[in-house]
Ligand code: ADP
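The chain that follows stands alone, in the form predicted on its own, written as structure tokens.
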């Protein structure tokens, strides 16, 4: 990767073609799906000869699963089932982004289609109105996969001045961050904030509150948009939970969660009951909180750099070194939500939200 040449395309020429007018009833649909890694997104685009009004208007499609680690070459077709639709911030106009589920030739969900079971669980708990807000951390890298803005033959100064920092010597890549923020708002993603993080070239954005299955849909599409925005700037996005070894912060996907009972008066009782259930299922959640069943998170959840130990469960008020943090405001108001700080930055939000609802709402 370090030998890749620097590619510069002429955006003025690109804009000339993007400004060409097309028939008003034509829509370009970009189908998005999760490949066999459980982490990487793929996409392809088709022409639709009407403007879709809902997800039900979109056709089932297919792709070559042998090229995405999801099928054998002798039986390679994998089906794409449209599940959520958003405005396309890149093609704009009548064009759409479409989040899809993947199904094998026999109509069985692929191994990395974790949305299918998540929907069933969310339906069972619908009367409890589970809300989620996820804080997605990530790092911006140069094309050689070196952190963007870092010296090529060394390290920047130690952590301290970078979190929520201002200035060219403290933050790197703000153009990417602001462009992504605006693109998500355009698309209809419930992005609610962003900030520079503790490690230089590390950032965070927050999506939510979203109820039920929409949390997974919106976070995956927001990740796709982030990758596409970074592509425009010629940089790379990393969701690795420990992108740089050593005395540097890792990256998480802190998950804020509440039910209606938690949000109601004296909801602190329901919050404490939820924490008790979490405490009895710690290892189950650790296995669900990164794609490698805890191996990725083991590099991050060390008990240092604002993390709890992967081996121990803990909870506390305003304590960022705990598994579960109760915000100070929630403790004072006796209602609200809790923050699960264990999910890794490369987690599958369908799996994370499903296991939380199974543990807290369904009592499994």
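Quantities reported herein were computed from a predicted structural model and do not represent experimental measurements. Residue numbers count along the first chain shown, from 1.
Only in words, not in the display: the form predicted in complex with adenosine-5'-diphosphate (ADP), which the text now covers.
At least one heavy atom of residue 258 is located within 4.5 Å of adenosine-5'-diphosphate (ADP) in the predicted complex.
In the predicted complex, at least one heavy atom of residue 263 sits within 4.5 Å of a heavy atom of adenosine-5'-diphosphate (ADP).
Although the partner is absent from this view, residue 171 stays clear of adenosine-5'-diphosphate (ADP) in the predicted complex, with no non-hydrogen atom inside 4.5 angstroms. The closest heavy atom approach of residue 135 to adenosine-5'-diphosphate (ADP) in the predicted complex falls within 4.5 Å. Put simply, of 269, 192, 108, 126 only one has a heavy atom within 4.5 Å of adenosine-5'-diphosphate (ADP) in the predicted complex, and it is 192. Only one of 209, 165, 89, 156 lies close to adenosine-5'-diphosphate (ADP) in the predicted complex, with a heavy atom inside 4.5 Å, and it is 209. Just one listed stretch, out of 62-70, 293-301, 331-339, 38-46, contacts adenosine-5'-diphosphate (ADP) in the predicted complex at the 4.5 Å heavy atom level, and that stretch is 331-339. With respect to adenosine-5'-diphosphate (ADP) in the predicted complex, the three residues 131, 204 and 320 uniformly fall within 4.5 angstroms at the level of their nearest heavy atom.
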